[in-house]
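Let's start with one chain on its own, the form predicted alone, as structure tokens.
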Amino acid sequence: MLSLYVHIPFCRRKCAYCDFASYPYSSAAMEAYVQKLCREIADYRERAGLQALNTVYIGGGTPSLVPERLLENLFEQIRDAFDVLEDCEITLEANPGTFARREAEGWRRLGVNRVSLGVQALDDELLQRIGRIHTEGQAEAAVRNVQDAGIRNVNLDLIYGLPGQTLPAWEDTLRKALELGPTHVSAYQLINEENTRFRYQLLEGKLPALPDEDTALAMEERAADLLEASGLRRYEVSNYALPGFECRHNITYWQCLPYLGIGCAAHSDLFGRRYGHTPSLSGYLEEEIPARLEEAYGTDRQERMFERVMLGFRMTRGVDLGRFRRDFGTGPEALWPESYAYFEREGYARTDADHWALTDAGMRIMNTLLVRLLSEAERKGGG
């Protein structure tokens, strides 16, 4: 089975902290773009034949800006090109302030059964500070609009470590979010990306300082406490869900399963090869579709094995050792014997039911542990 990602790169306004491929919205650009998406999907069907879709994820950008007519064309093309399974998880990303209940009802009619809302904070001052176009009230209304439209599976994206944000302010956002009854919450620490408006504002002293490392760690731990106490179980380092509402599409990425990316800046992992589109909107619109499958790039075996561990460690269930051994003919304990023993001895990892997983202590220093794996491989000449 296959997972499908479709990138919609348009936004009303780019957020100050965002480094994703996104462009100003216009109806003409959206029309041309969706037409190109449909041609690319049809071309893939001609090349690869009918395949079963386990998940579909419409991400961005701001997919909630796509008019219903164009969204209908897109879904019609997807269903014509793929065998969309009856229980397929179909997610659409949406930003508060860009849709009403009528649009959400249209999404449900098209088969969308999961909506991921870019709430980020439930604090008007913080929202304005980071360049979001919605208010706390609009975020709360957006959740109700989706739920009232009959879409039960709702994720709230939240960010902590914002400029000037305090631990009590973060707790307030979490409590307000839980009152809205989400089935899933993604709680990410802000990343101060290079070449963003946000980074320059911080350097120029136009924003309050970011919380220090200890405060950010306390925010992460408070999120885990509050979310899990409300029944949202942590299943990935930054993601929490009610049982049965884990995001199947993102699990595809973390388990290194095959996925197809359609659209500007989208990437694919198929047939043991990687494929990628240009992040340039004009470049994508002018790109010859057949050229895409000819521009594959590969990763060597050692990189694939490290990637499997790196992504597997993000999940609380960890790395599937049985699948790892089937795919690579060896296990992590043989590839990185020193690190494997050290992680277990120090209580950073555990082997349980054929999975190698980080403990809570290991999750907190995941990057340090991954660097240790790389260092051991380098000492052994690539492992």
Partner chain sequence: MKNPESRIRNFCIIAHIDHGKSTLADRILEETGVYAKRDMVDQILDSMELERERGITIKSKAVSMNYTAKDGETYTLNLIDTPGHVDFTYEVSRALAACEGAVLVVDATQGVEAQTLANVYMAMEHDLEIIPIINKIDLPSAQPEAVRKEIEEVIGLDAGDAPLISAKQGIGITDVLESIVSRIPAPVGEPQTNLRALIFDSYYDNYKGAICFVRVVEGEIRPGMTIRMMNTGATFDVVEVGIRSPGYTPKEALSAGEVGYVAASIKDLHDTRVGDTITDAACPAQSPLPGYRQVTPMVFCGIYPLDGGDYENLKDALEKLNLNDASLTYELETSQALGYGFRCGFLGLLHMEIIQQRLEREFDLDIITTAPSVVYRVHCTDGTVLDVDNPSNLPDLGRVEYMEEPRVKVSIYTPQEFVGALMEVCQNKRGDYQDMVYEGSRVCLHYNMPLNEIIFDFFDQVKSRSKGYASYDYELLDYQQSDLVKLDFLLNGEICDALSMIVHRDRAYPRGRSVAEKLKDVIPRQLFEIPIQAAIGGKVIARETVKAMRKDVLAKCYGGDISRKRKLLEKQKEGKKRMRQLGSVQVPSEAFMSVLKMDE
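Just so it is clear, the structure is predicted and the values come from calculations on it, not from any experiment. Numbering follows the first chain given and starts at 1.
Unshown form predicted in complex with its partner chain; subsequent notes refer to it.
The candidate site formed by 30, 282 and 286 is entirely out of contact with its partner chain in the predicted bound form, as no residue has a non-hydrogen atom within 4.5 angstroms of it.
A heavy atom within 4.5 Å of its partner chain in the predicted bound form is found for exactly one of 235, 75, 82, 259: 259. Across the options 89-97, 145-153, 246-254, 225-233, residues that bring heavy atoms within 4.5 Å of its partner chain in the predicted bound form belong to 246-254. Although the partner is absent here, residue 157 lies well away from its partner chain in the predicted bound form, with no heavy atom inside 4.5 Å. Within 4.5 Å of any heavy atom of its partner chain in the predicted bound form lies no heavy atom of residue 12. Taking the partner from the other structure, its partner chain in the predicted bound form has no heavy atom within 4.5 Å of any heavy atom of residue 198. Although the partner is absent from this view, residue 103 stays clear of its partner chain in the predicted bound form, with no non-hydrogen atom inside 4.5 angstroms. For the stretch 303-328, the set of residues having any non-hydrogen atom within 4.5 angstroms of its partner chain in the predicted bound form comprises 303, 306, 307, 310, 311, 314, in sequence order.
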